[in-house]
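Listed next as C-alpha cells is one chain, alone, in the form predicted alone.
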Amino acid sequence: MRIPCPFCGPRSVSEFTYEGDATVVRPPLDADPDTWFAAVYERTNPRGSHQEIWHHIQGCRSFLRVSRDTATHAIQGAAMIAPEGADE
C-alpha cells in the first residue's frame, strides 16, 4: 500500500504510523466515565470508504487525513491536517 503524502509524494505505508479513526468525535474532558468508555472502546468496524489519520513518521512528520477503502485498501486521497488555530 502506498500513501500519497501531499508534501513527499507517494510513499510506502511502512513510513507511516496509523493514528486512528478520523471520524471519531471525542467528548469534552469533563464528560462522565461511561461517555469516555464508549468513545474509546465502542467503535464500529466500517467496511468501505473510511477516513483515517496517518502520521508520516519516517518522512516529513506530517499528520494526514487519508481516505481509504477498508475492504480493498485502495487509497482515494490524502490531505495534510492543519494544526489547530492555523486558519485563524
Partner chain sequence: MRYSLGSIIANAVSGQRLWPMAWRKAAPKPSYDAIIVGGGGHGLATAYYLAKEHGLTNIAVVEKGWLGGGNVGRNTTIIRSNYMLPDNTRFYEWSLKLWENLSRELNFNAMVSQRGVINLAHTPAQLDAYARRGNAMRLAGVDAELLDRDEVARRVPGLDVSDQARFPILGGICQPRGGTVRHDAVAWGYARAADRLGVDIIENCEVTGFVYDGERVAGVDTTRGRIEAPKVGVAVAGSTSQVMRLAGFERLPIESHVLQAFVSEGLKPFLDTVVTFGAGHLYISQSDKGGLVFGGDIDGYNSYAQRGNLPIVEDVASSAVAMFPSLARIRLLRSWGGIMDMSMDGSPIIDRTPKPGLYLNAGWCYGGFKATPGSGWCFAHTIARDEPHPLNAAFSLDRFRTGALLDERGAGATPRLH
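Positions refer to the first chain, counted from 1. C-alpha atoms forming the largest set that superposes within 1.5 Å between two forms make up the rigid core. These numbers come from a predicted model, not from an experiment.
Separately, the form predicted together with its partner chain exists; it is not shown, and the next lines address it.
A79 falls outside the set of residues with a heavy atom inside 4.5 Å of its partner chain in the predicted bound form. The closest non-hydrogen atom of R43 lies within 4.5 Å of its partner chain in the predicted bound form. Interface residue remark: R68 is counted as part of the site for its partner chain in the predicted bound form, having a heavy atom within 4.5 Å.
In the predicted bound form, its partner chain sits within 4.5 Å of a heavy atom of A38. Shown in the overlay between the shown form and the other one, fitted on the rigid core, is a CA shift at T35 of 2 Å or greater.
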